[in-house]
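Have a look below at one chain only, the form predicted alone, in structure tokens format.
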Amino acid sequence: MSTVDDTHGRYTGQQLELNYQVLYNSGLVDAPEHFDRCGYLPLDGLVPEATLKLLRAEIDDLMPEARRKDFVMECMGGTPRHMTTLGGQIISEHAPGVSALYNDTRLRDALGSLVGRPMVPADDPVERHVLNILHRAGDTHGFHTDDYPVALVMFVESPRCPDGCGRLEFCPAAGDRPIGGGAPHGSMTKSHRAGDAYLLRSDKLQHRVQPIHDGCLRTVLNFAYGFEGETVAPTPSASLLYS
């Protein structure tokens, strides 16, 4: 496997590879305009099976470090959090391959081309790269916005039940509507399979993960990015969920 050079040094372990052709041929002729208008870009098949196997093995090893969260997020309209999480600080220490992928400039530059703006790593090491695991009946990541403007969400596991539980729900037209109080008018839902990914304008769009059913599993790796030249005003949400 090749190595990755970044500002945090050189990683010489087993590198996590992506299907970069998905980024270069996303199927959207005007991806930046679409992202600016809709705030969502599908990247089906971004994570190849070989990388999924590596990620699943790393996640299995990390599960003793995972933290169960069952509470309402007051700073996000009292919306529920029922999930198991791994924060960036734990991932950096125990899963250097994930950190190396996050810091890969090839990935960041390709994503920047899709959204139409140069992107930079998140300042917050807790929120930089996180794992969200929904694995109990009723688990959900309630409506919220993120601190950082762009999220790359990659599916390691996805529910396979016929009615499509655990779907992404977001509302391009929510505007300044307060978070909470049920699904915003005009919300959209999207289903994804293991190996799929998407880009989301996560600081502007209210979004959630719909509750999963008994026996289902939804595991995603979330990379957060900022825009070059812009600062981020943090909320308490990341520390409450991942610390």
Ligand SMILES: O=C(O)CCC(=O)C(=O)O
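Numbers for residues come from their place in the sequence shown, where the first is 1. Computed from a predicted structure; not experimentally measured.
As for the form predicted together with this ligand, it is not shown, yet the points below apply to it.
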For this session: Would you point out which of 71-79, 148-156, 116-124, 95-103 contains residues with a non-hydrogen atom within 4.5 Å of this ligand in the predicted complex?
Result: 148-156
Exercise. R108 near this ligand in the predicted complex, any heavy atom under 4.5 Å?
Worked result: no
For this session: Give a yes/no on whether T140 approaches this ligand to within 4.5 Å in the predicted complex, heavy atoms considered.
Result: no
For this session: With heavy atoms only and a cut-off of 4.5 Å, decide whether I90 touches this ligand in the predicted complex.
Result: no
Exercise. Within a 4.5 Å heavy atom cut-off, is N132 in contact with this ligand in the predicted complex?
Worked result: yes
Problem set entry | Single option in L41, L54, V209, A194 placed near this ligand in the predicted complex, where near means a heavy atom within 4.5 Å | V209
For this session: Using the arrangement in the predicted complex, list in sequence order the residues of 218-233 with any heavy atom within 4.5 angstroms of this ligand.
Result: R218, V220, N222
